[in-house]
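Here we start with a single chain on its own, the form predicted alone, put down as structure tokens.
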Amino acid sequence: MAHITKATSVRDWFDQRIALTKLWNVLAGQYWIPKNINFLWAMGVVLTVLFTLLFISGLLLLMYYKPDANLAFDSVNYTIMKEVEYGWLWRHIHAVAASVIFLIIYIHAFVGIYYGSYKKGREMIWISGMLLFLIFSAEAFSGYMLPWGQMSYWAAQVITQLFGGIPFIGGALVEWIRGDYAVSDPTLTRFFMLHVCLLPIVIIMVIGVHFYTLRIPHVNNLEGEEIDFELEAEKYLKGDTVNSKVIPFWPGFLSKDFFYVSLFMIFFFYLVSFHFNFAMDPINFDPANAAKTPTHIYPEWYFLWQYEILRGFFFDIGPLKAADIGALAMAFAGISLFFMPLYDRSDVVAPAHKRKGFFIWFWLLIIDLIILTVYGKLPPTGFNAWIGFFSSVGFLALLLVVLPIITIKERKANK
């Protein structure tokens, strides 16, 4: 049993019973961060703030939203937007945050790739981060359905139909996901449950795992330098803060993060106030109509690159149907970055600009993803279709063929 003495303060009373000081030191006070980093390392905190905004604004919207096919559209576009005081503001915050969070996720992920933050003991940090990307994608898609507009309805129709390509159980699985033979009220109810209940709980759990995985290998730095965190922390605690290569998470690192978050919030609320339409498709302001197919169906911008890979394979190859090839390619694209520690066969942990072949590969990948995103919103006809095909093949080749070859050569050159 713990030795309990007379408390000298309220804090001391709690400290003796639940070890507040020890918990604080583990989480922040003596959690060490390299000095050699820049503002790009603040993206994790920005993501945490955005998720908090999504959670709070979602709760407020939930008070008035009706998860019913006959009521959902009006509950969003009339009740929330016109009748509830400041309802428009909370909807804009929720919509813009849902879109901008993917911009920050992509920046966060590609910073990790650029600096090799998925290697040398940091594999679990990377895997848990990519798992968060997948769950956020599911959360975004389920939320996109809830306004029950034209694009919401038809996007759900297309995406749920993809599961029909699974051998033997495809048809039954599609019906189970929809809760009906077609996208309808039961489908909306299912996705509502996912969006407001199950997926947020899973996200919070995986965020906890992601933060925990940072504890052992610690955060990477601008040079990929291997730091003895225990030795450098000892220097810092002894007062040699100048020569120590690390600073505590609080106040050293987090205080800078507050500054970056403040700057980001200026940009965020500028979008919320003046350019919120980029996060809300005009077609989605028309009520869902199963009898009227939109001229061109497409998802939100952050899914366009995967959508272009889905439709990039528009011809059959032997016994394989074009639709099945596209579905398989898109499914792989969705999980492809999980395997970065396997594609990269080199032991070198350094920024891309110090790895010539990797540097070229990195920017080719970025360019390819931009092309896929741009053409994902264009009709897949004529020249556009061929651009989509070659960009889709290029994406797969860059990951599965080019990166292993480049990094194997790098590994041999450094022996």
Partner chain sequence: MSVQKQERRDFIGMAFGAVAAVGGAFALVGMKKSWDPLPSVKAAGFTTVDLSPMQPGEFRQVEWRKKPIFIIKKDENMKANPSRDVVVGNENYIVTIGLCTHLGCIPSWSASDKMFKCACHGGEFNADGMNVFGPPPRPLDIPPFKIDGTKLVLGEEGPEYKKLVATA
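Residue numbers count along the first chain shown, from 1. What you see is a predicted model, and the numbers here were worked out from it, not measured in a lab.
The following text describes the form predicted in complex with its partner chain, which does not appear among the structures shown.
**Q** Only one of 231-239, 118-126, 185-193, 260-268 has heavy atoms within 4.5 Å of its partner chain in the model of the complex; I'd like to know which.
**A** Flagged stretch: 185-193.
**Q** Let me test this: is every residue among L60, G87 and A288 within 4.5 Å of its partner chain in the model of the complex, going by heavy atom positions?
**A** Checking in the model of the complex: none of L60, G87 and A288 is within 4.5 Å of its partner chain.
**Q** Would you mind picking the one in P67, P351, P380, P34 that has a heavy atom within 4.5 Å of its partner chain in the model of the complex?
**A** Going through each option in turn, the one that passes is P380.
**Q** Using a 4.5 Å heavy atom cut-off, which residue among I283, A331, I297, L131 comes into contact with its partner chain in the model of the complex?
**A** After the contact test, the surviving option is I297.
**Q** Contact between E175 and its partner chain in the model of the complex at 4.5 Å, heavy atoms?
**A** Result yes; E175 sits at the interface with its partner chain in the model of the complex.
**Q** Please run the contact check for M145 against its partner chain in the model of the complex: heavy atoms, 4.5 angstroms, yes or no?
**A** Outside the cut-off, so no.
**Q** So, in the model of the complex, is Y307 in contact with its partner chain at a 4.5 angstroms heavy atom limit?
**A** Yes, Y307 is a contact residue.
**Q** At 4.5 Å between heavy atoms, is E225 in contact with its partner chain in the model of the complex?
**A** Flag for E225 set to no.
**Q** Quick one: name the residues from 309-329 with any non-hydrogen atom within 4.5 angstroms of its partner chain in the model of the complex.
**A** Residues within 4.5 Å: L310, R311, F314, K321, A322, A323.
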